[in-house]
Each structure stands twice: as C-alpha cells, then as structure tokens.
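A single chain comes next, written as structure tokens; it is the form predicted on its own.
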C-alpha cells in the first residue's frame, strides 16, 4: 500500500514570490526572514522524498462560481494549467503546468465516495494560488504529480468544522488504502484570521491576533477537541471575513492524526500571520 510520509499545512500568501525576489532595496523589511523560514519549512518535505502530492486548496472564484459551487471537488486530469491572469498581474506568479496522477485521483474519488463524501470532480480543472503557493514554497522544482482537492471555504452554507476534520480522516484512509508502493505527501493551505476587502484588512497584525495564537497552539498540540469546542462559522467570521480558511487547517489535522505537530513556525506579516506546520505519521489511519 501507499505510504503517507508527511502532512503539511500552511497559509498561502500570494505575494511571497514577488516579495522575496524583488531587488534588495525594494524588498519589505521581513523579506529575508520570510525567505529563511520558508526554506527551512521546505526541508520538512524534501527529507521525506515523496513521489506524489495530494494537495488541498480552495478556488478563489477563479473557476468555481456561485452558479455551481461544490463543497468538495477532486481533480482527475492528466495535467493542470495554472494560474489565472489576475494572479500573474497582481502577485507576479508565473504560469505553471502541474502533472496529474489520474490513477490515484480515480482511486481516491471512489474511496471518498465509499466513505460517504459525495465529491464533485473535474477533468478540466485549472489551479489557482491556493495550490500554486505551496508549490512555490515547498516544491519549487514542480517535479511531482499532484492530486488536487478543492474545498469550499468562501460561499455559504459551508460544511462544519467537524465535517472538515472528518474529511481529513477520510483522505488519510484513502491514501493508506491506495494499492501502490508510492510515497505520498499531503499538503494543504488555508488562513488564520484574515480580512479581505474589509475595514481590518491592513492592520499591523492579522485582524484577530488572539485567535491566531490560539490556533497555532491548537495545531501544535493536535488538539482537535479544543478546536471543535471553540471554532464555528460565527466565531471565524468575528475573527475576519476570510478566516473560514482555517477549515482547511482543521482538515489537515484530520489527515495528520490528530497528533502534535513535528514542525511549527510562524511569521507576523502586518495584516496576516503566516504559519507552517508539518506532521510525520506515527501510524496508519484506524
């Protein structure tokens, strides 16, 4: 069977590449520290020598719109184009092509359906920065096939935090059951507290620093009970209008265990708290 070798969960700041490759005199004050932290985080994946990346992100209304918005979707294409024009223009992210793994996508789709997760699927999915950002940060050589999974974190009604956690457990079971000798890494991105287009967008910190620090500790300790006791849709909305991206962190904790994280780092970047977590598996999913 396939072997899960690492689970990574991080924020996905679309300006990372631009911020760290500008001429030094044009860079933001934290650029060098940010780059050092990302390069250290990259090593937590590289050391595991994965063969396939199962990647969890969320479409930012680039390809999935309110006229047809699935809660959960898996890509089943042989390759994936990325990114969209506004991401090139605003963030300075270049175009990418990611290789797919149709066999693993098909297996995971069926396995997740068998676990009562009724996934939509796409044979023509185009990828946005929620998945390209971790390619840039932890696998910049873009040399591995991917199985992309999209979750709905933007368009209510949203699935519950517990449903996201249970989906993470189901993804882990599907990975563990895949009949292959491949080494699999699961990589997901989301947000801590975040405000987009609202009055708290450009604060010196994220819109809710208290939530950010509590969330980091919950994930550090693998404390799913504390998360489910304290986090719901209303509480996330109070922490910032885009804080529902934390649901993807909850999902990744489901993939991981729940276990305490083996690697934790963060960086306060004016209006966001960047955070990086890695778990190495202790045992297969029950």
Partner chain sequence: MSKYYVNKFLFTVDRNPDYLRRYTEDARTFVATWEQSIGPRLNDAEMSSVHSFTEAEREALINHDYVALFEMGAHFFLNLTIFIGIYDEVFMAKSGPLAFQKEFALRLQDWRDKDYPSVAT
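Remember, it's a predicted structure, so these values are computed and weren't measured experimentally. Residue numbers count along the first chain shown, from 1.
This protein has a second form, the form predicted in complex with the partner chain, left out of what is shown; the following refers to that one.
Asks: With the partner absent here, would 32, 37 and 209 each sit within 4.5 Å of the partner chain in the predicted complex, counting heavy atoms only?
Replies: Contact check failed for every one of 32, 37 and 209.
Asks: From the list 198, 179, 140, 94, which entry has a heavy atom within 4.5 Å of the partner chain in the predicted complex?
Replies: Checking each option against the partner chain in the predicted complex, the one that comes within 4.5 Å is 198.
Asks: Can you tell me whether residue 241 touches the partner chain? I mean in the predicted complex, with a 4.5 angstroms heavy atom cut-off.
Replies: Yes, residue 241 is a contact residue.
Asks: Taking the shortest heavy atom distance, is residue 203 within 4.5 Å of the partner chain in the predicted complex?
Replies: The answer is yes: residue 203 has a heavy atom within 4.5 Å of the partner chain.
Asks: Check whether residue 42 has any heavy atom within 4.5 Å of a heavy atom of the partner chain in the predicted complex, and answer yes or no.
Replies: So residue 42 does not count as contacting the partner chain.
Asks: Considering non-hydrogen atoms and a 4.5 Å limit, does the partner chain approach residue 90 in the predicted complex?
Replies: Yes, residue 90 sits close enough to the partner chain in the predicted complex that at least one of its heavy atoms falls within 4.5 Å.
Asks: Look at the stretches 142-150, 100-108, 79-87, 166-174 and give the one with heavy atoms within 4.5 Å of the partner chain in the predicted complex.
Replies: Result of the contact check: 79-87.
Asks: Can you list, in sequence order, the residues from 158-190 that come within 4.5 Å of the partner chain in the predicted complex, counting heavy atoms only?
Replies: If the 4.5 Å heavy-atom criterion is applied to the partner chain in the predicted complex, 158-190 yields nothing.
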